[in-house]
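Have a look below at one chain only, the form predicted alone, in structure tokens format.
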Amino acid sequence: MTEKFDAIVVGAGPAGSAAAYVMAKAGLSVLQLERGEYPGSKNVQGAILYSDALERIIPEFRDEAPLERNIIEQRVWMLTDKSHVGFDFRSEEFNNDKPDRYSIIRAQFDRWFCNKVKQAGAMVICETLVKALIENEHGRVIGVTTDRDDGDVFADIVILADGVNSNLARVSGYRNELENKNTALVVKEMHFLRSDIIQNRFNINEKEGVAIEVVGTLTRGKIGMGFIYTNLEFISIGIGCMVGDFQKGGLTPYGLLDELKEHPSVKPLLISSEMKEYSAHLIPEGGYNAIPKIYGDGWMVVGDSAGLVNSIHREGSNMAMTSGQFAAETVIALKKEFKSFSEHNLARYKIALDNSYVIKDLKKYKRMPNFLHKNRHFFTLYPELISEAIATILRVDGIDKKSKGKQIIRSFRKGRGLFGLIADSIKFVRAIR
């Protein structure tokens, strides 16, 4: 396989396929390499697809892609052991001709997206492990070494989309080992349930869906959250916490997931369902301050490999595809201008990201990871105080509301103290500014 291409893309997730598709559509010779048996074979779980990023790349995707349900309702639950306080947003604006988000099955979606890459003219080869990057005498990347016979392949540019671990970038010295404090371990289950039961249970119509994000005492003081997504005939449920927290012992990911499934607010949603799939994967959640170097002489990094995940808003697929698109557009522009893929010229990729919502959003929340690490009572104390306060004000027991208000204030001051409450408020505002 000693061939020469305009570009090699390593990985067939949303970021890699976005990059490969855009370049192939522009007429470049593109090779996409995937170590799985087929694109998406390593991703059995359900996920949320944000449509805007994909629509900018494939405007007609809604007519072809394997979409599950259009998410018309977003719920956020703050759990204690026996209760939840919720915020729901449901709008017909999310149910128009071009919905904003969908639930998907990654194995199906990734396979479809990669087929689009093939149709655009790229060569896609699966079951191929990229072992190393090839550099010339000047240190510029000029290709990759694979585990196939005669497996050296050459290209003008190599785009790394090999996932959160990004072994290639790490082995090549372009990034450090993942820090456990910045990496979440997420476990998921897919529970089969008839479509009509899902619709009745979640108060939705055919093809409509609900996404529920869950925070609170369910993580036992660990930094993390849970989620529930509706698919056509599956409910995806999962929970994730920082790897560093799990390493401290005491609790396991599957143990937390079992507790979540037994919660009185969650258990009724899963009645009569049959668990079909279980998976675990890592997510980079270090935010802006944990983004590694994303370009150099002859190479760029996109998607999870570049740490482009907004953990506050649970956005990842959109940032992955946008970064893949920007990387591809950088390659196309440099080709047209007959310019080299030097580090200096590839800086255009970072400029494009910096000027987009991707880096602007990550930069906005750059203080949040450190804030959460230092203020774990937001996962333990405050859910209990808020739940107790709402129960107090809603309970009709002959006590006047003014007295109840004073009781709530006393419970907050007792639980955190006046200065603690003020300090927490200031720190939280600073973290999200």
Partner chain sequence: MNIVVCIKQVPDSAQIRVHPVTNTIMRQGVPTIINPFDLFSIEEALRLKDQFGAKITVLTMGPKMAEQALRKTLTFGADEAILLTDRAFAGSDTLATSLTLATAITKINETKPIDIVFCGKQTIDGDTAQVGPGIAVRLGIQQLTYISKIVSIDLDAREIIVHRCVESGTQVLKTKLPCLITLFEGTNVIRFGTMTNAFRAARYKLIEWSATDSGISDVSQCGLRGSPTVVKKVFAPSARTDKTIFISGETPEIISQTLIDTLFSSYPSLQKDLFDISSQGVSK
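Everything quoted here is computed from the prediction, not taken from an experiment. Residue numbers count along the first chain shown, from 1.
Beyond the structure shown, there is the form predicted together with the partner chain, which is absent from this document and is the topic of what follows.
Heavy atoms within 4.5 Å of the partner chain in the model of the complex belong, among the stretches 146-154, 300-308, 243-251, 176-184, to residues of 146-154. At a distance threshold of 4.5 angstroms between non-hydrogen atoms, Ala280 is out of contact with the partner chain in the model of the complex. At the 4.5 Å threshold, heavy atoms of Thr128 reach the partner chain in the model of the complex. Within this chain, Glu60 is remote from the site of the partner chain in the model of the complex, having no heavy atom within 4.5 Å. Not displayed here, the partner chain is approached by Phe192 to within 4.5 Å at the level of heavy atoms in the model of the complex.
When the partner chain is considered in the model of the complex, only one residue from His344, Lys360, His313, Lys276 comes within 4.5 Å through any heavy atom, namely Lys276. Scanning Asp81, Glu135, Glu233, Asp354 against the partner chain in the model of the complex with a 4.5 Å heavy atom cut-off leaves one residue, Glu233.
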